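A single chain, nothing else alongside it, follows as structure tokens in the form predicted on its own.
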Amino acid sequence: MSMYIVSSHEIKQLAEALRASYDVYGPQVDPQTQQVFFDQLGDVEALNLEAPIPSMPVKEILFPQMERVLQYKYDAEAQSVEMSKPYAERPKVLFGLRPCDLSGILVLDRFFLGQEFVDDVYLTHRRQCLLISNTCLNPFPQCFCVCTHSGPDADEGFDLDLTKLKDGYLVRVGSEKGQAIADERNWKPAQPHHLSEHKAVVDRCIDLFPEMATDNKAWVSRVMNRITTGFIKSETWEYIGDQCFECGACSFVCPTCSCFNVEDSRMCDGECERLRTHDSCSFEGYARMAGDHNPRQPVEDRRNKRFFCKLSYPQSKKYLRPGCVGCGRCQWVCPGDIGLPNVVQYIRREITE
């Protein structure tokens, strides 16, 4: 793996240069609300690599919450159908990804691209996408990525990886596309002491978790075993289900949730459009079948399924990592206080009884 040392000014120059060929997205802080959004950059000066984790997952760029995937019009007299694909391939750069969001993209890659069928819509978004990750220097209050092996630095999946050091950024190259950019920019090669400093930065961040990541504690290894084997009392799932509002917020902010619904709607001009929208296993109708049969009518059955997807061994084997990346967003948004960290604590409390 090639490594370079680059100044902060050169990082901004890189982002500006990439805008000539790509749609460049990065973390930006809203001046009024102080919320962080990962959005397309209109001005490179808005790029804030020190900003906290974005409010919404970066998956929104590759797997939008609502997307038109087909347009068609049927001519009854001619008995013909005109169809078109409204989505277009636009090269994108995701600049300054937090490692948890990068891990989420890798899970989506394995779901949409790494199985028997390849999702053409997701592939169109992903094919010419450049991923530039950004090591976390300090944990944020809601973080527990060290418990899910998705931070504070990235191990795989990036084209370029940035780590802020005392005298600039250490840039690690992770792909041929990343190496081509580094060769073009003629960056200064990093020295061995830069790699040692990188390790010190990561170790320091890990050491700060007990002090700074105060909102969540989610030690998941033993809970994964209990969820996989089913050794969890039904009363525990009922207690968790009773707190669920069935709003779906946890699914919408989760970097790895990939469930979607497809529906056709007729427009006023006679054309029809096919929309793909995010779905959630917390919804009452999620598992409803033809004939109105619903095998997961009780809400606790649906909560059971969600956490099986996030923390079971079969899912981890399928995606080569846990289904949770430790970003803590579900804990942010859940009105019933059953984000994944709290559920882990409920189950661990049951184990110790």
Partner chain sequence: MKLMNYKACVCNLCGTGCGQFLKTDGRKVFGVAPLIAHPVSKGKLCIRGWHANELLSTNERITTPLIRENGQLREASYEEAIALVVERMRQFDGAAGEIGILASARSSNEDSFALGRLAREVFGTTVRGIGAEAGHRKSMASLEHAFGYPGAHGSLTSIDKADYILVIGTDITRQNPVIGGNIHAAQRRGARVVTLSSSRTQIAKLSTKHFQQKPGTKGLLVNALAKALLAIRTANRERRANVDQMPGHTEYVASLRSISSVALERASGIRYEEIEEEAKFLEQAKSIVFLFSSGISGLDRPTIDAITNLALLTDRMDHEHSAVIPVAGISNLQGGFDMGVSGEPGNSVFKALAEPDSPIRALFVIDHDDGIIRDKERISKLDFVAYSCAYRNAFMDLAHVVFPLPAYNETDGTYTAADKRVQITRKNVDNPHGVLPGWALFQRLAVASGKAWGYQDAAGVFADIAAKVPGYADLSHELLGKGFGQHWNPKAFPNSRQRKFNAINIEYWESPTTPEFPFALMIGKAQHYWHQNNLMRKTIVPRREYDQTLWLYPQGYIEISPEDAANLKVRDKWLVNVCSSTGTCMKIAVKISPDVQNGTAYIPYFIKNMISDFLIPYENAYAAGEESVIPIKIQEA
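Numbering follows the first chain given and starts at 1. For clarity, every value in this text was computed on a predicted model and none was experimentally measured.
There is another form of this protein, the form predicted in complex with the partner chain, and it is not shown here; the text below is about that form.
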Just to confirm, W219 within 4.5 Å of the partner chain in the model of the complex by heavy atoms?
-> no
Does A17 make contact with the partner chain in the model of the complex, using a 4.5 Å heavy atom cut-off?
-> no
Contact flag, L165 vs the partner chain in the model of the complex, heavy atom cut 4.5 Å | no
Look up in the model of the complex whether N225 has a non-hydrogen atom within 4.5 angstroms of the partner chain, and give yes or no.
-> no
Listed residue that, although the partner chain is not shown, lies within 4.5 Å of it in the model of the complex (heavy atoms), from S175, T236, Q128, Q243 | Q243
Output flag, M56, P64 and T277 jointly within 4.5 Å of the partner chain in the model of the complex, heavy atom basis = yes
Select from 30 to 46 the residues with a non-hydrogen atom within 4.5 Å of the partner chain in the model of the complex and write them out in sequence order.
-> D30, P31, Q32, T33, Q35, F37, D39, Q40, L41, G42, D43, E45, A46
